[in-house]
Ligand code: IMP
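Next up: just one chain, as structure tokens, the form predicted on its own.
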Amino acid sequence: MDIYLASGNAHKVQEFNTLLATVDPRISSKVRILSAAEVGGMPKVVEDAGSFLGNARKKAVALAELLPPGGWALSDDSGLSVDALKGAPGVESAYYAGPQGDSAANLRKLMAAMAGVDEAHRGANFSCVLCLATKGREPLFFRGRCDGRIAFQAAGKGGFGYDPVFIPDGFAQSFAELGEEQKNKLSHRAKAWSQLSAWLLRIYG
């Protein structure tokens, strides 16, 4: 089964292949996760659905139209929602500081918005919706969420995006400090992937 990732983000391709390596060999030996670059690149999609699920659907369906017979498109729409900011940045997480999608600028804007917010009100969560689509079938959805809080300052060099300031519940370190192996046990994406893996196991198990 060939799954093409509906993203131009090379880091996501790497992250999903790392996740694939952790699943039952009955799955990992029969599934390949490939970049959209293999079929000419991810088509332009306006992510204006207003929800993680809606945006994920748009991306997966758009890429599925370009795939060879039997190919599946996998999209990931995810983001950070902060309680004190009434759920922002939410679906705008990648473009919080502007359309250029500058991760460093997004992080600076978030920390400026959280300046002065006390420990008790720094709750946040990462949410992820995975959408798996192929021609002629209704898309499938898998969801994951990781609760935590926003740190007072960035720490760690791992991960990407908001990872240096997100501390998952039960830990004192940020995602960026915990490292990829630990993050892949806790993250919103890992939890959504666990659901997708269970679906794959029903096929190949």
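In this text, residue numbers run from 1 along the sequence as written. All of these numbers come straight from a predicted model, not from anything done at the bench.
Keep in mind that the form predicted in complex with this ligand is not shown, yet the notes after this line are about it.
Taken together, K58, W72 and P139 are entirely out of contact with this ligand in the predicted complex: none brings a heavy atom within 4.5 Å. With the partner left out here, this ligand still marks one of 22-30, 155-163, 37-45, 61-69 in the predicted complex; by a 4.5 Å heavy atom cut-off that stretch is 155-163. Of the candidates A94, A113, A84, L132, A94 is the one whose heavy atoms come within 4.5 Å of this ligand in the predicted complex; the others do not. For K12, a non-hydrogen atom is located within 4.5 Å of this ligand in the predicted complex, even though that partner is not displayed.
Taking a 4.5 Å heavy atom cutoff to this ligand in the predicted complex, the contacting residues in 55-77 are K59, D76, D77.
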